[in-house]
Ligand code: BGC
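Next up: just one chain, as structure tokens, the form predicted on its own.
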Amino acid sequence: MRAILVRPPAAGVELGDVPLPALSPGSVRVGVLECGVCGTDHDIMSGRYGKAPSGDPYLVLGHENLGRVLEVASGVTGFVRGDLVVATVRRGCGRCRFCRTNRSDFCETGLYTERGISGAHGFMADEYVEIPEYLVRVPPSLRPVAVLLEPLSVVEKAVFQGQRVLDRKEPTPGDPKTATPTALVAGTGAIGMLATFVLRVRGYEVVAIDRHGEETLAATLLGLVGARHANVAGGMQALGDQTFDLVIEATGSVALDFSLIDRLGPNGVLVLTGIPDAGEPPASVAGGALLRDLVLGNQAIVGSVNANRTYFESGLRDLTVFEERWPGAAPRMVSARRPFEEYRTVLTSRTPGTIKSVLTVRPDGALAPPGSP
């Protein structure tokens, strides 16, 4: 079958032929419909990280996915041929308490694998085989946006974890809360935009920042969902002196991360989701002032990575809510769908203003016979 391959730690990407995965007992064969492309794919392709499965000279790229069930092994229940599915990404170590309960996003050993990223082949291929516990069934009504579910799951976890830390000060004795909670989202790529949508659903007033003007698709969508867009190309002073209860970071910029701490209000929480380049030169920080403010302000900084099945399921619920509240807004996050054969252009170029680029692996028409591309 066709697959998009990388050979970490070497840079580069290629379209090759690889063996069709075998349908093992207790598993499901899935035909891939679409794969989203994200910064992680670009970084792996550039040789910054990534790891091939043991014994293989290559890694099949891709972790954002949508597919349709082609074949179900004997004895498997809960899935039938034709079901739309999204696969989760991380596979647990099998040793720690979290991985043994399918919560590998909190793995304690670091011995997990991640499909399309580290130690396990991904989804930029004609087909894959998976066991049911890692597959999430998608209702047909969400077909236009289902490829966004994997990045949305990352957002669902980040917002949930941030809210849990904020809730450490509740319940509040005396008068009920009178102020609407506020959130700052740093970055208007897919993670930042999805975070904005989720936070608006949760009742937050949201400001989303980037380095672009009002002419972008992101700025338009922010307006549709009632969020404010701010261009900080000239500096964070574009926000005035406003501070926020919750800050969601989705850029991986070290310099920006430190400046976001200054935007935390009393008891505020900063959740980091972007992954900086480990080789970036050291940053100069006024550490004493930073730590003093964190302590005196009851503030917290939280890192959040990956997502377990529960966050994929909450993402499905939110995708439905998005469409109810803002019809047609979420599908517009997919800036472009390109044929599988155009993988090189999609993976090696980043068009300014693009929110999410998607590779179409196979037409979403009649089901092909099992084992057929």
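Because the structure is a prediction, the values reported are computed rather than measured. From 1 onward, residues are counted along the sequence shown.
As for the form predicted together with the named molecule, it is not shown, yet the points below apply to it.
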Check whether Tyr49 has any heavy atom within 4.5 Å of a heavy atom of the named molecule in the predicted bound form, and answer yes or no.
yes
Answer with yes or no whether Ile117 is in contact with the named molecule in the predicted bound form, where contact means some heavy atom within 4.5 Å.
yes
Is Arg90 one of the residues lying within 4.5 Å of the named molecule in the predicted bound form, judged by heavy atom distances?
yes
Contact between Ile275 and the named molecule in the predicted bound form at 4.5 Å, heavy atoms?
yes
Going by heavy atoms within 4.5 Å, which of 203 to 211, 82 to 90, 69 to 77, 179 to 187 lines up against the named molecule in the predicted bound form?
82 to 90
Of the residues Leu222, Ala250, Val154, Val247, which one places a heavy atom within 4.5 Å of the named molecule in the predicted bound form?
Val154
Counting non-hydrogen atoms within 4.5 angstroms of the named molecule in the predicted bound form, say which of Val334, Val321, Ala329, Val305 makes the cut.
Val305
If we check the named molecule in the predicted bound form, which of the residues in 53 to 69 reach within 4.5 angstroms of it by a non-hydrogen atom?
His63
